[in-house]
Structures are given as structure tokens and as C-alpha cells.
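As a starting point, one isolated chain is supplied in C-alpha cells, in the form predicted alone.
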């Protein structure tokens, strides 16, 4: 445990040493920085005044956080929040922790120009990070978000309230579209659906498997594209002619996923790579005259 009267330099060193027991060095350094900032010591303080003594209350809090890290619980759930697209999102175990790849998708969408008054929807919103980030970057557009988990939808709505961003929240399951009460047409449909095959679980860390909601991550091996077929069906009914689709995908199933939209008559179907050069996103559009 970190002792009382530890300096900030000692505190940071202790954190990195302990976190390295669970995480790679670079990730441990990032988590240590998050904890220092969370407990009142951002880098501007501990770098400029490394010999300053950490408060006893702060040390107690740090020791508690480190104990939770050793259990494998993700730091985002321990702290109760994360940052995504320069926004702070409150999190709990009912919602998936947003990934950098999803943030990358939002930044790519941001580079496109959408006229004021466009209507957008995020299918399977979870914490609301996609929908609320779109509203931030396109304040003149109407943004909707669909979610089938009531606890997740409660969390998303609370994030919207805390961020003072106006999104229309819809409770519903994209796999049961006959029950959806959605009549609007959209210019942009975005989704990061479950796409990890259950056989790929063995490649994932325990901190993900034991703590994040499985229904937001996994699909059955015998039907890994189930959500993409549902997204395609939704688009055929609710995406305006000329409208655009963005989806995050399993890097191993890019061609198969793209074929679903090719077969349905979508145009401009493109498999896009993420920063790690892996197939990660698909964009497509409906013909201007419709299908």
C-alpha cells in the first residue's frame, strides 16, 4: 500500500508499478495519469511540484482504487466515467466502455458535411457516446438513439442531461423491428453493434469478459452478422434515398459484411481501416432514387 506522507513523485511511481501487474507498461502509465488527475493531481501539478506531499485522504482513495484494479475491474468502471470525443461519459457495468476505434469512426463522420436539419440515428447506443458526440459535432441536426437495455438507456439519458445535449431516446430492439415505434426517415444511420464471435472470447482479457456486458459484445458463431442484417433492414425502411450508413465491424468479416449491403442494392460500399490498419468500418449509401 502507498504510505502516508508520500510525495507526488512517489505516488505516481507506486501507481505505475502496481498497475503494471495487470496492464502493459504504456497502458499502465495512462491509467496512472487518470488516477492522479481523478484524485486532484493532474500532470500540471505532479510534474511541476513532484516533492509535494499527497494528502492522506487522497492516498486512502488511491489505495482503494489500486485494490480494485488488482481484482481486474476496468479503471473506467472504478472511476465511474471515461472521456470520448472530448466529452465525459458516466459509466457502469450496464454499458460497454467506449473504444478508441469507435471514437475514430466519429471523427471520420465529423469530416463529412451534414446540413442543418439532417436527422441521424445511432442503433444500439449503450452509454450514448455515439449519439451525444454526433449531437455535439452537428448541433443543427436531429439525433436519435435506439437501445434495448433499459439500464443502459437510463445511463445514456443521464449522460445527455449532464452534457446538456438534446437527443431523442428510443427504447427498442433492432432485432424486433416489427415492434419499433419509429416512423422517421434518417440521413445518417450509425451503429457499433455486437460483432465479436463467441469463439473469439479466448483472445480477450478477463477484465473485459468478467465485467463488460456480454450482450453488447458477442454474437453466436453460426450467425455472426445477425445485427448487420437488422441494420440493413432498418436502413431499407428508414434511411432516406441518398442517405449514408456507417457501421463498425469485426475485422475478420469485412467482405462478408459488405456483401450484405451489396446484395441489397446499396451503393459506394467501402471497407475502411482503423488506425491499426485493420478492417474496422463500412460505409454505404442508398441510391438517390431509393431501392
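Positions refer to the first chain, counted from 1. Quick caveat, the model's predicted, so the values are computed rather than measured.
Just so you know, the form predicted together with glutamine (GLN) exists too; it's not on screen, but the next bit is about it.
The chain here is shown without glutamine (GLN). Which stretch in 84-92, 113-121, 147-155, 188-196 comes within 4.5 angstroms of it in the predicted bound form, by heavy atom distance? Comparing against glutamine (GLN) in the predicted bound form, the contact stretch is 188-196.
If you check 175, 210, 162, 204 against glutamine (GLN) in the predicted bound form, which one has a heavy atom within 4.5 Å? Of the listed residues, the single hit is 204.
Taking glutamine (GLN) in the predicted bound form as the reference, which of 134, 75, 216, 167 has a non-hydrogen atom within 4.5 Å? Of the candidates 134, 75, 216, 167, 216 is the one lying within 4.5 Å of glutamine (GLN) in the predicted bound form.
With heavy atoms only and a cut-off of 4.5 Å, decide whether residue 109 touches glutamine (GLN) in the predicted bound form. Flag for residue 109 set to no.
In the predicted bound form, is there a heavy atom of glutamine (GLN) that lies within 4.5 Å of any heavy atom of residue 105, even though the partner is absent here? Taking the distances in the predicted bound form, the answer for residue 105 is no, it never comes within 4.5 Å of glutamine (GLN).
Residue 142, heavy atom within 4.5 angstroms of glutamine (GLN) in the predicted bound form: Residue 142: no, not in contact with glutamine (GLN) in the predicted bound form.
Which residues, if any, of 82-114 lie within 4.5 Å of glutamine (GLN) in the predicted bound form when only heavy atoms count? Those in contact are 96, 99, 101.
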